[in-house]
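Only one chain comes next, encoded as structure tokens, the form predicted alone.
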Amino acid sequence: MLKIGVLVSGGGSNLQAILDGIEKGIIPNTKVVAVISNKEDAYALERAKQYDIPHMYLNPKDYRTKKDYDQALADYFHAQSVDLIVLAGFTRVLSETFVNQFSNRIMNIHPSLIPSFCGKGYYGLKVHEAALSYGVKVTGATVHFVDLGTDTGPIILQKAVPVLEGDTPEILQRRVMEEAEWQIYPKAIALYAQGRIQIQGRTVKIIEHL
């Protein structure tokens, strides 16, 4: 059984997509065992409560340094014997302290086709505002492993989504979530649960058949 810990900051729509994927059998042999938020009012915590998943708000202000906070996160996940950590709208950048303890065991989803519109400052609606401002005709989402950079880890899956005339950042954000994020995040976790992901340097190889 693959045990997942999820870090959240907001509504938790990607968390819901993962929970739905587990319920429908899209993600096999997997259980979410912990959900932690850095924001007290994150609706994602309510979603966890509805599924009887252990969840908590961990206030960064209660810790002297970012390193102390990240170590508290790591300690909790270690205590729950978490195999994979999933970032689902988590707004903090994880420190080296945390990332090094879970090397190639942290996944994130970014609402663009990396390397476009990613890195420092690109999050939430800002990504879609940038895509519209640049005039791209196609955008999408990327699932990747987390490394010590920002949106620089090995890419697992990507899915393209068209940019349509009349799109606003909000409309485009919704389309990317519905047509890309909620599709490829559960799929990436399923591949991991099935042992079908191999990392070769910066490249992720998907094993088609075991």
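Start at 1 and count along the sequence shown; that's the residue number. Note that the coordinates shown come from a computational prediction; the quantities given were computed from them, not determined experimentally.
What comes next is about the form predicted together with glycinamide ribonucleotide, which is not displayed.
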| property | result |
| --- | --- |
| One stretch from 129-137, 116-124, 95-103, 76-84 that, in the model of the complex, holds residues within 4.5 Å of glycinamide ribonucleotide by heavy atom | 116-124 |
| Of 45, 177, 184, 163, the one that lies within 4.5 Å of glycinamide ribonucleotide in the model of the complex (heavy atoms) | 177 |
| Heavy atom of residue 107 within 4.5 Å of glycinamide ribonucleotide in the model of the complex | no |
| In the model of the complex, residue 12 touching glycinamide ribonucleotide (heavy atom, 4.5 Å) | yes |
